[in-house]
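In structure tokens, the next block holds one chain alone, the form predicted on its own.
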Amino acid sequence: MIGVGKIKQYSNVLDKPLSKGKQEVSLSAFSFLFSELVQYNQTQVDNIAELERRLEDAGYSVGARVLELLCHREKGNRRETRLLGILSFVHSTVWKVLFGKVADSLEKGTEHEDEYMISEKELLVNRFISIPKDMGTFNCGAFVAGIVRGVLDGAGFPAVVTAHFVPVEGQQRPRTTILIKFAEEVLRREARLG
């Protein structure tokens, strides 16, 4: 057997295959970087809604890049075309790559047909954040909502995505729910596809 055990030489760095590499980032490094992102944006705004919008915008660009990377690595450059397929992709694959585990739950809204919720008991971006009393309802989950919106928009499923705290009986910290409200065009397309 000729060539067994030899490493293939590549003439160009672009010819090398994309390796998955180590997919973990130090939690302390992420916490520090995210803290700096929040602090910087906090100095640039006057109210909580604007701060959450800026965090969501930062997350949006991350989400668009995560979609491209995962479609290339996991799906052979194929994208989801069905609503439940893309929701499952976000709930499992995207969440596992970003947070090391599948999201706690994915649920369909009971009041509106176009609403879905991804719930997480302790969202990583809220884990090490202590919110001053004067900031009240500020939720760093807006960053993750932006990531989800970036993934959905990039896949052709425009939606309004927001992060909310939901109190849990018997627990000090509330869980975070990412509320996804799809555009009417997505629901019409889904109905057409049957």
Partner chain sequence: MAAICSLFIINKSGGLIFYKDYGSAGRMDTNDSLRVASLWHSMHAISQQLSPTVGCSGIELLEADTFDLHCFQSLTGTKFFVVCEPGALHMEALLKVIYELYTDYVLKNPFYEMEMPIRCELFDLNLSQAVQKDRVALLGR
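Positions refer to the first chain, counted from 1. Predicted model, so just to flag it, every value in this text is computed and none were measured.
There is another form of this protein, the form predicted together with the partner chain, and it is not shown here; the text below is about that form.
Only one of S61, T137, N47, Q39 comes within 4.5 Å of the partner chain in the model of the complex through a heavy atom, and that residue is Q39. Contact annotation: S28 falls within 4.5 Å of the partner chain in the model of the complex, judged by heavy atom distances. The closest non-hydrogen atom of P132 lies within 4.5 Å of the partner chain in the model of the complex. Although the partner is absent here, T162 is not a contact residue: none of its heavy atoms lies within 4.5 angstroms of the partner chain in the model of the complex. The partner chain is not shown here, and in the model of the complex it never comes within 4.5 Å of any heavy atom of K181. Contacts between stretch 156-191 and the partner chain, counted in the model of the complex as any heavy atom lying within 4.5 Å, involve Q172, R173, listed in sequence order.
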